[in-house]
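Only one chain is shown below, in structure tokens, and it's the form predicted on its own.
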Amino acid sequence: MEEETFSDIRGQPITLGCQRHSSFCTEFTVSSPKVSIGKVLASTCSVWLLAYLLFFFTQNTAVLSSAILVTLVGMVLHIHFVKVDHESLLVIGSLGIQVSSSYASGREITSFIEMGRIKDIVINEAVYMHQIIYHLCVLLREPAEPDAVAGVVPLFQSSKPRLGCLVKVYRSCQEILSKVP
């Protein structure tokens, strides 16, 4: 597997892995850094310090119990629903595109778009706060009207790679899609 390091829109390092299975099949994996122990420790300490401060003034043990419970539940929810370890895009020329997201807890979400529904893959730009960001998107074909676009499916939504990474994936996808009759 060929790996290259890029950065996301926040400047954090991400890794793009490209595995070419054949001339009609390529898999792209964008990996984000693991959960930082320092950040987890800092947030946990700050919540517990605030709880101990409240406990000092109120002498209510429910404050300490609540702080511990809120911290643990917050960490579990963050790991299970928010923190994505890696996103992958599997492009199979005659079959379609499979999009997967793997969370830090091990949970995985996978969806498949068959080739007959794909009109094109494009790089779309969007205004986000005070900057322009780019998304790799799959344009879905309208079944009744082949020239119309039925929908747009953005790819790599959690990792949000910058344009250089998206261009590399885009070119490889276009190369595979151009071979499809």
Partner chain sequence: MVLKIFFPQCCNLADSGLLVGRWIPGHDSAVVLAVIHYPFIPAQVKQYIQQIQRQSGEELAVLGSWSLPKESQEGMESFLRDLSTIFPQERWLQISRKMGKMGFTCQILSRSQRAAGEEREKQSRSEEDGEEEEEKEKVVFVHYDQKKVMLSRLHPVHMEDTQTAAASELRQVFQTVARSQPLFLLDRYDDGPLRSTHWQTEGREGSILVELLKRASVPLCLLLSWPMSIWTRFCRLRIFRIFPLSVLSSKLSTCIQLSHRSEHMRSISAPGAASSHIEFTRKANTVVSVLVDVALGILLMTWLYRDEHVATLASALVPAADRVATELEQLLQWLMGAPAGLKMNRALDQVLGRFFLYHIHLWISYIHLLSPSVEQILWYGGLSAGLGLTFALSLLSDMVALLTFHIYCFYVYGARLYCMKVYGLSSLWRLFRGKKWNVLRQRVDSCSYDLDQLFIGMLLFTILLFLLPTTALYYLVFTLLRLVVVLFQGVLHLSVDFINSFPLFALGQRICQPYRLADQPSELQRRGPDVPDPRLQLLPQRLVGRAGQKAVCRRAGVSMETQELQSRLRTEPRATGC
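Residue numbers count along the first chain shown, from 1. Just so it is clear, the structure is predicted and the values come from calculations on it, not from any experiment.
We do not show the form predicted in complex with its partner chain, though everything after this point is about it.
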Within a 4.5 Å heavy atom cut-off, is residue 121 in contact with its partner chain in the predicted bound form?
-> no
In the predicted bound form, residue 109 touching its partner chain (heavy atom, 4.5 Å) | yes
With the cut-off set at 4.5 Å between non-hydrogen atoms, does residue 71 touch its partner chain in the predicted bound form?
-> no
Might residue 12 be said to contact its partner chain in the predicted bound form, defining contact as any heavy atom within 4.5 Å?
-> no
Within 4.5 Å of its partner chain in the predicted bound form, counting heavy atoms only, one of 31 to 39, 121 to 129, 147 to 155, 51 to 59 shows up; tell me which.
-> 147 to 155
Do heavy atoms from each of 2, 5 and 85 fall within 4.5 Å of its partner chain in the predicted bound form?
-> no
If you look in the predicted bound form, which residues in 13 to 27 sit within 4.5 Å of its partner chain (heavy atoms)?
-> 19, 21, 22, 23, 24, 25, 27
